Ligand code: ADP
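Just one chain is shown here, as structure tokens, and it is the form predicted alone.
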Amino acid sequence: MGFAIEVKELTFSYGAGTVLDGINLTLEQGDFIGIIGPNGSGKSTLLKNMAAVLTPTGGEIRIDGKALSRWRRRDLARRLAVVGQESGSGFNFSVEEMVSMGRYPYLDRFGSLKAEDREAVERAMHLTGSYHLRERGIFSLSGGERQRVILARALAQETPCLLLDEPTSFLDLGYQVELLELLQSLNRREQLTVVLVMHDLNLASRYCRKLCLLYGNRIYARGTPEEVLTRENILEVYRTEVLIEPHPLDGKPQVIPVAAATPAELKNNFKQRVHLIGGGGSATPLMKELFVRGFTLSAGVLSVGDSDWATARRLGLLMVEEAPFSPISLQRHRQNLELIEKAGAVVLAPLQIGPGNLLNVEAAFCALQLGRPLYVIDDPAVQARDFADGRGKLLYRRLQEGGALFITSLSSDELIARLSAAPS
């Protein structure tokens, strides 16, 4: 039997304070969606409305096509299982007793467990690594152990959908990953629909196939992690400057915070834009460091798909793009010169020089002619990077004769010091 949740024009208020306003969201069988957003954005409130813990002020929620308000509690418990933040118990039940409570939608009026109920309880404890705790009292458990038991209780319900509110909040890193791996496995193997509220954006990115970002009482963005976790979205919603880097294992976006208020030691006095000329990853270290230090940057000409291009794109830089595996065209060269003309300084990264990108070195020379300060990173020296029959070496000589400042160290310290000290 399939499963679906439809949230239509949902509004919810606590007294006069509106928390959710016009929420529309559809979940289907096998979805794995993370609800993210800053504190107070309504994440838990949305989940509680979906779980019928709270009643919407307006709009409606439908489960399998039927309005949530028309479901009997017992029948709904066979379709939805909930792991909330308030998951304690007023009695010191044993772990096995606690997990057995997940079977209540299936029990007859005498409340006795049948063989299939005991099998479900045992399976849930094994899945969550809590079977060895089955005789322990719930009060004797650590916060992380108790969270696994609460998850086991929800899994014992054997529902097609699991709603979780901050399920990793009391777990250390190892158990966080273990729990999310378990949910991902159940989602893939058994088509379990998983909806979870999360604060950790990187874990949400890694494990959720879809994300729903709440902000300002509404859904600010939704889609894949790549679509939602952008620098622009994070800056607007969390008021924090970030770097977005691909995870080394699966390429999922990872959010690296940069201090919202730039520390004094990172501030720079150079208020004009710095234009970077690179390619092949030669400009990426400088790009990241200058960005973190608060410099305004542009870049070009970069080939689409190139690692420098990918970094510039993640940082949201203004740049000139060229088709992959194509030489720089005169049109792109002219666009590059336009950015250089509007920049306060130009940096030439230690790129590999070939016939296809000689125009980038020519653009650096044009920067000198336009009166722009030019900083040339010459480490390794140009002789080791010139694959254009010596033309690269000749151009570098012209740059030096034209007044470019050569920096013979890969460390960005000298460049940043010179840019910071330069008149703006």
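Quick caveat, the model's predicted, so the values are computed rather than measured. From 1 onward, residues are counted along the sequence shown.
Beyond what is shown, the protein has a form predicted together with this ligand; the following relates to that form.
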In the predicted complex, which of the listed residues (38, 356, 58, 30) lies with a heavy atom within 4.5 Å of this ligand?
38
Quick one: which of 40-48, 386-394, 58-66, 371-379 gets within 4.5 Å of this ligand in the predicted complex, going by heavy atoms?
40-48
In the predicted complex, does residue 19 come within 4.5 Å of this ligand, counting heavy atoms only?
yes
